[in-house]
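First, one chain by itself: the form predicted on its own, in structure tokens.
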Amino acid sequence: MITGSNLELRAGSRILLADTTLRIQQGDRIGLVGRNGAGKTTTLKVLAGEGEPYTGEVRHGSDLGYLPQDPREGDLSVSAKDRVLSARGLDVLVRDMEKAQTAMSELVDDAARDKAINRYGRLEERFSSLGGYAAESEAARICANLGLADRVLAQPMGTLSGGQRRRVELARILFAASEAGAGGKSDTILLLDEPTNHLDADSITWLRGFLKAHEGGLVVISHDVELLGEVVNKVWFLDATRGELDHYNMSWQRYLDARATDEKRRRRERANAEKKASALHQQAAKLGAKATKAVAAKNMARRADQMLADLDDTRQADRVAKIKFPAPAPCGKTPLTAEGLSKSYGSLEIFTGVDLAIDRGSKVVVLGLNGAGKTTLLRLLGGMEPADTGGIVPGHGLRLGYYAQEHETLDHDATVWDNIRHLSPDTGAQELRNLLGSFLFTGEQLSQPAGTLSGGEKTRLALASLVSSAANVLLLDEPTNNLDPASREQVLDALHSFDGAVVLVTHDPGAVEALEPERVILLPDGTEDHWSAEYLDLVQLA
């Protein structure tokens, strides 16, 4: 169980949550929802014990599994497999058993060999008590279902893409929760922030089934409405305008229906009350013209005002970022060319011999299975890391804009204002303030460190940086991740109307349809083909 008492959460001086008590128990599967920037990520971080509330306290009575949006910690030198096994302490045991086996086979001295045999026996006994080989098999099954191939599991964490590292962390958390360590029912409470990011369609389907069957508690932040619909049995709505958390003890669909019905009721009651109040005010104005009726007129006006004050507030429509890419800077016919690109991490070859030419205004989608090198290709094109062979040839007037799925282009220690100012040093201050305002960054938020923003807010800041760049070639890596539906629609509209060139990596079919691509690059082979609707079925799978 997790209990939060008298919680107040803040972002600067802005109150996200005020005087709130909440409880997460076994069997609760809670969808934490609210607009981008409402404080969902901050709330989950505090519940996980990774952040401190402004006031109040959080108490834990169960094991926790916490998946942040942007996991950046941990030893990057360990293998992905060992990172997953470490959830039950099996990684060290496996390595020690391998060392003992080597000693048993290589030692000549009988006494030393007997010592190694005894050590191996103790290690294997401990290994068995923790689930042993069955646990290794369970970890492998979870990893496979999350799209982590054996070759990826053998790699050091530092060689993996941000999306792959995030899937490893998710696998680690689910492995820890799947059998409660040595067997039995798990009472682990899972706190998951956008767990479907970077997953293909098959992995998302498997994850829905896992979470639906999980008997411990769950709080999930997700813009995947199908996951919410299938998994959650309670909804917490974080109202950004009131700083309150509304509790709904019902499924996602019932919550949507109840909220829609409640909103209709509030609007109907307000419309009726405003009509009656208007009539009372008009009557009071007539009475007020007569000195003998002044008191009656004031009482009537007071009654009309009270009638409106007693109404339940209607929900304010969420503000939405106004996203529009400006006209691209002038450039030559082919502003970006790549020749013979290859990339390996150690002995693992990601791709080799990739050629492509990005013509002015062209639209290109990069497809490939998870781990095929889609993000790596965009990083090479964007100059974020060097290729092993081949190179990038900039054409006349090239101006690149790169959106990174893990927001690496942002300085997480710098403020929102410093980030946009650094990327657009020649743009006037007021113009930049207007731009940030259109992306919903105003007032104190301009002084907020970028690292403290929610995933959706980081996405908006990164997109604002692209808008300020007047790029003529956009490299976009999962640009719709972490966005609420309204903001996603804004991004898709901006993508559809952009006149410059775009190279897109995405699992979002809607983003591909908005782009209306002409070509597709298939990795790891680097094959180029004309786009056809048949490829759309591969987008979610890739």
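Start at 1 and count along the sequence shown; that's the residue number. Everything numeric here is computed off the predicted structure, so don't read it as measured data.
FYI, the form predicted together with a small molecule isn't displayed, but the following is about it.
The partner is not drawn, yet in the predicted bound form one stretch among 35-43, 507-515, 494-502, 472-480 has residues with heavy atoms inside 4.5 Å of the small molecule: 35-43. Though the small molecule is absent from this view, in the predicted bound form it lies within 4.5 Å of a heavy atom of just one residue from 135, 189, 231, 453, which is 453.
The contact with the small molecule in the predicted bound form, taken as any heavy atom within 4.5 Å, belongs to 448 out of 448, 376, 159, 79. Within this chain, residue 208 is remote from the site of the small molecule in the predicted bound form, having no heavy atom within 4.5 Å. Contact between residue 270 and the small molecule in the predicted bound form is not found at the 4.5 Å heavy atom cutoff.
Contact between residue 23 and the small molecule in the predicted bound form is not found at the 4.5 Å heavy atom cutoff. The closest non-hydrogen atom of residue 457 lies within 4.5 Å of the small molecule in the predicted bound form.
Across the proposed site, 16, 69 and 194 without exception bring a heavy atom within 4.5 Å of the small molecule in the predicted bound form.
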